[in-house]
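Below you will find one chain, with nothing else, as C-alpha cells; this is the form predicted on its own, and questions on how it binds or moves follow later.
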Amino acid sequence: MEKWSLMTITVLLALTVRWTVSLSSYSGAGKPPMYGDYEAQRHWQEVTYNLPIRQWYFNTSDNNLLYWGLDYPPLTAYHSFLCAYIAKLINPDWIALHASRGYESQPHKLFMRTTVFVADLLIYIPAVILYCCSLKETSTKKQVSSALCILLYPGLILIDHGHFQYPLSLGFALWGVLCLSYDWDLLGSVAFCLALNYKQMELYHSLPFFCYLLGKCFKKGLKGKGLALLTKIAGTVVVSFAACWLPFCTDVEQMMQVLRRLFPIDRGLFEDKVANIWCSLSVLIKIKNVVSPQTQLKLSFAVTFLSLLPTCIKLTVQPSLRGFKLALVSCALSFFLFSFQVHEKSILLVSVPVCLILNEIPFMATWFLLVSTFSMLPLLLKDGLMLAYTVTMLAFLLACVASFSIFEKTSAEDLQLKPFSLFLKRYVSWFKSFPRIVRSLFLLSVTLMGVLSLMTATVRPPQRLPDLFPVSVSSISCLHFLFFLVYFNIIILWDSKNSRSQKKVS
C-alpha cells in the first residue's frame, strides 16, 4: 500500500512539472508563415477531419504538402482525426479548412496542451510506473526512485510539453518492452507495431525487438515450440499492420504515396545542427556538397548497419531481457549517430531506453540523459524554453544524486565493466584509478554543458561565425555520444555470462 501511495505522489509531481512547462512557449509561436511543430499538429487535425482519407497524403488544392504535409504513418493520422473531432465540438474555427491556418489563441493552446497531457497520462506514464514496479530484486524505495527520475527526465518533458510533440510512439514502445519482460511476446509485438505505425522513427528500436524475439524462438527450437512462437509472432505483426493500414490497402498508388511521405530521401543527410557524426564532420568537410545524395544514403546505411551488427548478433545468439534493453540503447544510438535524415529530437529514441537501465547503471545513465537534453539546446532556445530547460535539468540532476547516490556508483562493477576491466588490467595499469577518472570527466562534462548553455543564451556570436554556439553544442554532444556508444557496446559484448562461458570452454 505504501508503494502505491508513493507512486501516486510521484505521478502527481511529474504531472505538475509537465503542466508548468506547458505554460511556456511552443515551437513556432507567432512566427509566420510556417510557424512550427505546434502548427503542424493542428494542421494535421484540419486535414484529417475535413478531407477524405484518400487525400490525406496527396498534394491537392485543399492539401498543400509543402505546408506541413502529413509525413507520419496512419496511426498518427487517426490520432489527429480523433483530436480534431473533439476540437470541432469545442470550437470549429480551430480546424476550419484553409481559414484556420496559423490559428493561435490561449483557449486553443490550452486544448492542444491538454491533448498531450492526456496522451502522457494514459499511455506513457502508466507504462513507466508498471515497468518500475516490475523491476526484480529491487526495493520499493528504488522502484519509486526509478519512476521519479524517469518521469522527471527533462528531454521528453521539454519536447512534449514545451516544444510540442505527442509521447505516444515512445509510450507504445515502452509497453512493448514491459510485455516482453513478462514473456507476453504477442502483446509486446502488438504494442511495438502500434509504436512503429505511429512514428516511423521507431525503426531505431526494430532490430532489438526482432533479434530478441528471433533469439527466443531459436532457443526454444525451430522444430517445436520455437517454430510455433515464430509463426504466432509473424501472424500478430501482419494482422497489426493490416489493421493500421486497412484504409490505404485498397489502392497500390495510395500505399506507395504514404511510403514516399514517410521516407523522403530528398530532405538530405541531416537537418539543422543535429549532434550526429555527419553534422559534426560537416564542420570540416561539407559532405552534402562533396558526396551525391544517393552516395550519402548508401554510406549512412553501410556505417549504421556495421555499427549495430555486433549487438544484434549477440542478442540473437544469447537473448536476455538485460541484453535486450542494452541493445535498444546501442542500436538506437547507432541510428542516431550514423543514419540518414536525423533530427535533434530523435535522441529521445535513445534516451527512453537509457531510462530503463537507470536503476542498473545510474551514473552513466544520468550522464547520458543530461547530455541528450543539452544536445537539443539550440532547438529549445529557439522555442523560448531556456528557463524551463535550466530548472528541469537541475531538478533531474538533484533527483538522481539524491535517489541513487550516483557519485558512489563509479566502480568498474557499478558501471558493469568488471569483465572488461579484468581483461584490461593485464595491459593498462591506470585502470585501477578508473572511478576517479570517470567522476572527473563527468564533472568536467557538466561544467562544460553549463558554461556553453549560459553563453548560448546570453552571448552574441561573432558576425562571421553566426552558428558558433549551435555547432559547438552539436559537436560536443556528438563526442559524448560516440563515447557512450563505445561504452554500451563494451557492456554488451563483454557480458559476464559470456565471459563465464568462455572460461568453461577453456
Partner chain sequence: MRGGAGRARNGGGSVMAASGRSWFGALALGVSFLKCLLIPTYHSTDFEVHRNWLAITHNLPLSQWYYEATSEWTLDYPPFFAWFEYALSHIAKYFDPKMLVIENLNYSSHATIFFQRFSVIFTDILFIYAVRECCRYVNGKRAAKDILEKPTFILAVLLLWNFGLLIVDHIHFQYNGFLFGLMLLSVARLCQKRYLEGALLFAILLHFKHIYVYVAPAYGIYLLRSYCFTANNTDGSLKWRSFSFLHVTLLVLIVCLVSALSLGPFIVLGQLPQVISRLFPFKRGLCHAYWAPNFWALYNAVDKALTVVGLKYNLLDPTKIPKASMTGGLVQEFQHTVLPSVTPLATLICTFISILPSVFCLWFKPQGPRGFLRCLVLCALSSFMFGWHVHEKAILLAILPLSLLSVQRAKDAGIYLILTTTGHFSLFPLLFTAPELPIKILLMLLFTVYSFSSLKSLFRRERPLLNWLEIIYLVQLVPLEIFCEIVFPLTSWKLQFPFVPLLLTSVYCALGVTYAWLKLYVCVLTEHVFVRQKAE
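Since the structure is predicted, the reported quantities are computational estimates derived from the model, not experimental observations. Positions refer to the first chain, counted from 1.
There is another form of this protein, the form predicted in complex with the partner chain, and it is not shown here; the text below is about that form.
Each of S5, V17 and L110 places at least one heavy atom within 4.5 Å of the partner chain in the predicted bound form. Checked against the partner chain in the predicted bound form, the candidates M256, A395, V290, A302 yield a single residue with a heavy atom inside 4.5 Å, and that residue is A395. Between the partner chain and the residues V128, L168, A77, A388, the one pair within 4.5 Å by heavy atoms in the predicted bound form involves A388. Remark: K141 counts among the residues lining the partner chain in the predicted bound form, judged by a heavy atom distance of 4.5 Å or less. Although the partner is absent here, F404 sits far enough away that none of its heavy atoms falls within 4.5 Å of the partner chain in the predicted bound form. The partner chain in the predicted bound form comes within 4.5 Å of a heavy atom belonging to I9. F340 falls outside the set of residues with a heavy atom inside 4.5 Å of the partner chain in the predicted bound form. Heavy atoms within 4.5 Å of the partner chain in the predicted bound form map, among the stretches 395-403, 131-139, 260-268, 308-316, onto 395-403 alone. Contacts between stretch 21-53 and the partner chain, counted in the predicted bound form as any heavy atom lying within 4.5 Å, involve V21, L23, listed in sequence order.
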